[in-house]
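Given as C-alpha coordinates, the chain that follows is alone and in the form predicted on its own.
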(Lines give C-alpha, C1' and ligand atoms only; values in the text may rest on other atoms or scores of the structure.)
Protein backbone atom coordinates (compact mmCIF):
# COMPACT_ATOMS: atom_id res chain seq x y z
CA UNK A 1 0.00 0.00 0.00
CA UNK A 2 2.90 2.36 0.69
CA UNK A 3 4.29 1.84 -2.81
CA UNK A 4 0.80 2.20 -4.28
CA UNK A 5 0.25 5.51 -2.46
CA UNK A 6 3.67 6.85 -3.46
CA UNK A 7 3.04 6.16 -7.16
CA UNK A 8 -0.38 7.80 -6.99
CA UNK A 9 1.12 10.88 -5.31
CA UNK A 10 3.88 11.00 -7.92
CA UNK A 11 1.42 10.93 -10.82
CA UNK A 12 -0.82 13.51 -9.15
CA UNK A 13 2.16 15.86 -8.74
CA UNK A 14 3.08 15.38 -12.39
CA UNK A 15 -0.52 16.05 -13.41
CA UNK A 16 -0.54 19.18 -11.30
CA UNK A 17 2.52 20.49 -13.12
CA UNK A 18 0.79 19.74 -16.43
CA UNK A 19 -2.53 21.18 -15.33
CA UNK A 20 -3.64 21.95 -18.87
CA UNK A 21 -4.21 18.25 -19.61
CA UNK A 22 -6.93 17.86 -16.98
CA UNK A 23 -8.38 21.24 -17.90
CA UNK A 24 -8.60 20.23 -21.56
CA UNK A 25 -10.47 17.05 -20.65
CA UNK A 26 -13.09 18.97 -18.67
CA UNK A 27 -13.28 21.70 -21.33
CA UNK A 28 -13.90 19.11 -24.05
CA UNK A 29 -16.59 17.46 -21.91
CA UNK A 30 -18.38 20.76 -21.30
CA UNK A 31 -18.11 21.98 -24.89
CA UNK A 32 -19.27 18.66 -26.35
CA UNK A 33 -22.42 18.74 -24.22
CA UNK A 34 -23.07 22.46 -24.71
CA UNK A 35 -22.91 22.14 -28.52
CA UNK A 36 -25.76 19.63 -28.72
CA UNK A 37 -28.59 22.13 -28.08
CA UNK A 38 -27.26 24.18 -31.00
CA UNK A 39 -27.47 21.13 -33.24
CA UNK A 40 -30.81 19.61 -32.20
CA UNK A 41 -32.56 22.77 -31.04
CA UNK A 42 -33.38 24.21 -27.63
CA UNK A 43 -36.72 22.39 -27.20
CA UNK A 44 -36.88 21.16 -23.60
CA UNK A 45 -38.57 17.83 -24.37
CA UNK A 46 -35.92 16.85 -26.93
CA UNK A 47 -33.05 17.79 -24.63
CA UNK A 48 -34.60 15.84 -21.75
CA UNK A 49 -34.93 12.74 -23.92
CA UNK A 50 -31.32 12.74 -25.14
CA UNK A 51 -29.59 14.31 -22.14
CA UNK A 52 -28.36 11.12 -20.46
CA UNK A 53 -26.95 9.70 -23.69
CA UNK A 54 -25.26 12.96 -24.64
CA UNK A 55 -23.60 13.36 -21.24
CA UNK A 56 -22.46 9.75 -21.16
CA UNK A 57 -20.99 9.80 -24.67
CA UNK A 58 -19.24 13.11 -24.00
CA UNK A 59 -17.79 11.75 -20.75
CA UNK A 60 -16.61 8.60 -22.53
CA UNK A 61 -14.86 10.55 -25.29
CA UNK A 62 -13.38 13.03 -22.81
CA UNK A 63 -11.94 10.20 -20.71
CA UNK A 64 -10.18 8.88 -23.82
CA UNK A 65 -8.32 12.14 -24.45
CA UNK A 66 -5.69 11.52 -21.78
CA UNK A 67 -5.43 7.73 -22.09
CA UNK A 68 -2.58 7.86 -24.60
CA UNK A 69 -0.42 9.69 -22.06
CA UNK A 70 -1.17 7.23 -19.25
CA UNK A 71 2.06 5.27 -19.81
CA UNK A 72 3.57 6.95 -22.87
CA UNK A 73 5.47 9.76 -21.10
CA UNK A 74 7.03 7.37 -18.58
CA UNK A 75 7.83 4.98 -21.41
CA UNK A 76 9.64 7.64 -23.42
CA UNK A 77 11.78 9.03 -20.57
CA UNK A 78 12.64 5.61 -19.11
CA UNK A 79 10.66 6.03 -15.89
CA UNK A 80 8.36 3.13 -16.77
CA UNK A 81 11.30 0.73 -16.95
CA UNK A 82 12.48 1.87 -13.51
CA UNK A 83 8.97 1.40 -12.13
CA UNK A 84 8.89 -2.09 -13.58
CA UNK A 85 12.24 -2.96 -11.93
CA UNK A 86 11.23 -1.89 -8.43
CA UNK A 87 10.41 -4.65 -5.89
CA UNK A 88 6.68 -4.14 -6.30
CA UNK A 89 4.42 -6.16 -8.62
CA UNK A 90 3.95 -4.29 -11.87
CA UNK A 91 0.20 -4.85 -11.54
CA UNK A 92 0.22 -2.64 -8.41
CA UNK A 93 2.08 0.07 -10.33
CA UNK A 94 -0.45 -0.09 -13.17
CA UNK A 95 -3.36 0.08 -10.74
CA UNK A 96 -1.80 3.10 -9.01
CA UNK A 97 -1.40 4.92 -12.34
CA UNK A 98 -5.00 4.09 -13.24
CA UNK A 99 -6.14 5.49 -9.90
CA UNK A 100 -4.23 8.72 -10.53
CA UNK A 101 -5.73 8.90 -14.02
CA UNK A 102 -9.26 8.63 -12.64
CA UNK A 103 -8.57 11.25 -9.98
CA UNK A 104 -7.35 13.71 -12.62
CA UNK A 105 -9.93 12.96 -15.33
CA UNK A 106 -12.90 10.92 -14.12
CA UNK A 107 -13.42 12.85 -10.90
CA UNK A 108 -13.44 16.30 -12.59
CA UNK A 109 -15.94 14.96 -15.12
CA UNK A 110 -18.10 13.70 -12.28
CA UNK A 111 -17.99 17.10 -10.59
CA UNK A 112 -18.98 18.91 -13.81
CA UNK A 113 -21.88 16.54 -14.53
CA UNK A 114 -24.60 18.11 -12.28
CA UNK A 115 -24.34 21.50 -13.98
CA UNK A 116 -24.46 19.94 -17.42
CA UNK A 117 -27.44 17.80 -16.42
CA UNK A 118 -29.32 20.97 -15.45
CA UNK A 119 -28.27 22.63 -18.71
CA UNK A 120 -29.58 19.65 -20.69
CA UNK A 121 -32.90 19.73 -18.81
CA UNK A 122 -32.45 16.24 -17.38
CA UNK A 123 -35.57 15.25 -15.37
CA UNK A 124 -35.07 15.25 -11.62
CA UNK A 125 -35.75 11.50 -11.32
CA UNK A 126 -32.63 10.72 -13.34
CA UNK A 127 -30.31 13.28 -11.77
CA UNK A 128 -28.88 11.21 -8.92
CA UNK A 129 -28.84 8.05 -11.03
CA UNK A 130 -26.75 9.79 -13.68
CA UNK A 131 -24.19 10.87 -11.11
CA UNK A 132 -24.18 7.38 -9.57
CA UNK A 133 -23.70 5.61 -12.91
CA UNK A 134 -20.82 7.93 -13.80
CA UNK A 135 -19.27 7.32 -10.37
CA UNK A 136 -19.37 3.57 -11.08
CA UNK A 137 -18.66 3.75 -14.81
CA UNK A 138 -15.76 6.20 -15.07
CA UNK A 139 -13.39 3.97 -13.03
CA UNK A 140 -14.26 1.15 -15.44
CA UNK A 141 -13.40 3.44 -18.36
CA UNK A 142 -9.98 4.17 -16.85
CA UNK A 143 -9.34 0.49 -16.11
CA UNK A 144 -10.31 -0.69 -19.60
CA UNK A 145 -8.48 2.20 -21.23
CA UNK A 146 -5.27 1.25 -19.43
CA UNK A 147 -5.13 -1.97 -21.47
CA UNK A 148 -5.28 -0.02 -24.71
CA UNK A 149 -2.76 2.54 -23.45
CA UNK A 150 -0.33 -0.27 -22.61
CA UNK A 151 -0.83 -2.05 -25.93
CA UNK A 152 0.03 1.02 -28.03
CA UNK A 153 3.35 1.75 -26.32
CA UNK A 154 5.95 2.40 -28.99
CA UNK A 155 3.46 2.63 -31.86
CA UNK A 156 3.52 5.62 -34.22
CA UNK A 157 -0.22 6.21 -34.58
CA UNK A 158 -1.15 5.35 -31.05
CA UNK A 159 -4.17 7.64 -30.76
CA UNK A 160 -6.09 6.07 -33.64
CA UNK A 161 -5.15 2.54 -32.59
CA UNK A 162 -6.15 3.26 -29.00
CA UNK A 163 -9.61 4.34 -30.10
CA UNK A 164 -10.09 1.18 -32.15
CA UNK A 165 -9.01 -1.01 -29.25
CA UNK A 166 -10.91 0.68 -26.45
CA UNK A 167 -14.20 1.95 -27.90
CA UNK A 168 -15.75 -1.52 -28.46
CA UNK A 169 -14.96 -2.43 -24.85
CA UNK A 170 -16.60 0.77 -23.62
CA UNK A 171 -19.96 -0.07 -25.21
CA UNK A 172 -21.37 -2.22 -22.32
CA UNK A 173 -20.58 0.49 -19.77
CA UNK A 174 -22.24 3.09 -21.99
CA UNK A 175 -25.35 1.00 -22.63
CA UNK A 176 -26.06 0.15 -19.00
CA UNK A 177 -25.18 3.65 -17.79
CA UNK A 178 -27.68 5.30 -20.14
CA UNK A 179 -30.29 2.57 -19.58
CA UNK A 180 -30.16 3.10 -15.82
CA UNK A 181 -30.88 6.83 -16.20
CA UNK A 182 -33.66 6.22 -18.74
CA UNK A 183 -35.16 3.61 -16.41
CA UNK A 184 -35.17 6.03 -13.49
CA UNK A 185 -36.89 8.69 -15.60
CA UNK A 186 -39.51 6.16 -16.74
CA UNK A 187 -40.18 4.97 -13.20
CA UNK A 188 -38.57 1.56 -13.69
CA UNK A 189 -36.12 -0.18 -11.38
CA UNK A 190 -32.50 0.81 -11.92
CA UNK A 191 -31.08 -1.87 -9.63
CA UNK A 192 -30.34 -4.44 -12.41
CA UNK A 193 -28.40 -1.87 -14.43
CA UNK A 194 -26.42 -0.68 -11.43
CA UNK A 195 -25.62 -4.26 -10.42
CA UNK A 196 -24.34 -5.05 -13.90
CA UNK A 197 -22.20 -1.90 -13.95
CA UNK A 198 -20.83 -2.78 -10.52
CA UNK A 199 -20.10 -6.30 -11.76
CA UNK A 200 -18.19 -4.88 -14.73
CA UNK A 201 -16.16 -2.71 -12.37
CA UNK A 202 -15.42 -5.62 -10.02
CA UNK A 203 -14.34 -7.77 -12.96
CA UNK A 204 -12.18 -5.02 -14.47
CA UNK A 205 -10.46 -4.21 -11.17
CA UNK A 206 -8.21 -7.30 -11.11
CA UNK A 207 -8.19 -8.17 -14.82
CA UNK A 208 -7.26 -4.82 -16.37
CA UNK A 209 -4.11 -4.15 -14.25
CA UNK A 210 -2.98 -7.72 -14.93
CA UNK A 211 -3.51 -7.38 -18.71
CA UNK A 212 -1.97 -3.90 -18.74
CA UNK A 213 1.10 -5.11 -16.85
CA UNK A 214 1.54 -7.92 -19.34
CA UNK A 215 1.38 -5.51 -22.28
CA UNK A 216 3.91 -3.20 -20.60
CA UNK A 217 6.34 -6.08 -20.02
CA UNK A 218 6.10 -7.00 -23.68
CA UNK A 219 6.69 -3.38 -24.74
CA UNK A 220 9.74 -3.07 -22.48
CA UNK A 221 11.26 -6.30 -23.82
CA UNK A 222 11.09 -5.17 -27.45
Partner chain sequence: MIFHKYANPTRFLKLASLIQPWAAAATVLLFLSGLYFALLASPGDYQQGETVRIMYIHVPAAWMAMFCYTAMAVAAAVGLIWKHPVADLAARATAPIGACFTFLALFTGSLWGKPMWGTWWVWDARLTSVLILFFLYLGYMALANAFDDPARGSKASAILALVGVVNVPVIKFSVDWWNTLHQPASVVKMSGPAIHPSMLIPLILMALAFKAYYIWVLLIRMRAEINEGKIRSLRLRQVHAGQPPDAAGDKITQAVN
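Numbering follows the first chain given and starts at 1. The shown structure was predicted, so the numbers you read here are calculated from the model rather than taken from an experiment.
Another form, the form predicted in complex with its partner chain, is not on view; read the next lines as being about it.
Stretch 166-174 is the answer when you ask which of 43-51, 166-174, 29-37, 57-65 has residues with heavy atoms within 4.5 Å of its partner chain in the predicted bound form. Proximity to its partner chain in the predicted bound form, defined as a heavy atom within 4.5 Å, holds among 151, 80, 132, 116 only for 151. Contact between residue 201 and its partner chain in the predicted bound form is not found at the 4.5 Å heavy atom cutoff. Its partner chain in the predicted bound form comes within 4.5 Å of a heavy atom belonging to residue 156.
For residue 206, no non-hydrogen atom is located within 4.5 Å of its partner chain in the predicted bound form, even though that partner is not displayed. Proximity of residue 215 to its partner chain in the predicted bound form falls within the 4.5 Å heavy atom cutoff.
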